[in-house]
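Next comes just one chain, in structure tokens: the form predicted alone.
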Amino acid sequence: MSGKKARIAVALDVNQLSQALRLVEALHKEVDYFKVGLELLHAEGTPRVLAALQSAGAMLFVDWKLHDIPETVKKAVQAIAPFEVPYFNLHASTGRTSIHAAVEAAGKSRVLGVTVLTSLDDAECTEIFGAAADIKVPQFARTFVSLGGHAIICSAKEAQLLRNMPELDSAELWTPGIRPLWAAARDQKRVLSPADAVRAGADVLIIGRPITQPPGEIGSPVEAAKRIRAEIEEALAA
């Protein structure tokens, strides 16, 4: 796998802007992106959060997970267009017209499509979508990219499946549910280690608690991030 680079997006899953800013200050040299999600955006206000984190130098991925009618999706995307965030996402299951509306309104931002949440196992995925993840993830990904979406969010367990689809060659694969062997899975169901994720073809690893709340024996968030980075680089060099 020589020549490939895998990046880290750390999840700022906190409810106070001051906490998020401390994590950005500590980790900006160790990770590539910072994922800001609904918990912080709702607690502190989207414009305030985006402005403060960008002023601190964070490369942002706005984890919106939009899922609504096309007009609402379009207006929501237009509302943050002035911030020119590098990435934001919506559910790839939200429908063709809403996906198209988001892509059209995105401006300089790149749009990511959430396929099947990594907290769902196959039984739950079938209950919701009518089929298991290995069927629904490729279906959602194919539709999303055909409508101009730039990247796919999927479990690392489906990354290899998508890597074998020629129509997705241009799409980056972003994989949550990443758990080093020393971290607990907690509420995640479809998980892989950082090394296994990059071997499967992941471009960006979305990692939250293993970095922001590492076990005591691992040390600080910075030490956890360095340890994960080393694991990724070792896997890519193999």
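When you see a residue number, it is the position in the sequence shown, counting from 1. Because the structure is predicted, anything quoted here is derived from the model rather than measured.
Keep in mind that the form predicted together with a small molecule is missing from the display, and what follows is about it.
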> Are all three residues 65, 118 and 176 in contact with the small molecule in the model of the complex, where contact means a non-hydrogen atom within 4.5 Å?
Replying inline: yes
> in the model of the complex, which of the listed residues (102, 92, 153, 156) lies with a heavy atom within 4.5 Å of the small molecule?
Replying inline: 153
> Since exactly one of 198, 206, 60, 40 fits, which has a heavy atom within 4.5 Å of the small molecule in the model of the complex?
Replying inline: 206
> Looking in the model of the complex, any heavy atom of residue 114 within 4.5 Å of the small molecule?
Replying inline: yes
> Should residue 11 be counted as a contact of the small molecule in the model of the complex, where contact means heavy atoms within 4.5 Å?
Replying inline: yes
> Since the chain is shown here on its own, which stretch among 43 to 51, 208 to 216, 165 to 173, 26 to 34 would lie within 4.5 Å of the small molecule in the model of the complex, judged by heavy atoms?
Replying inline: 208 to 216
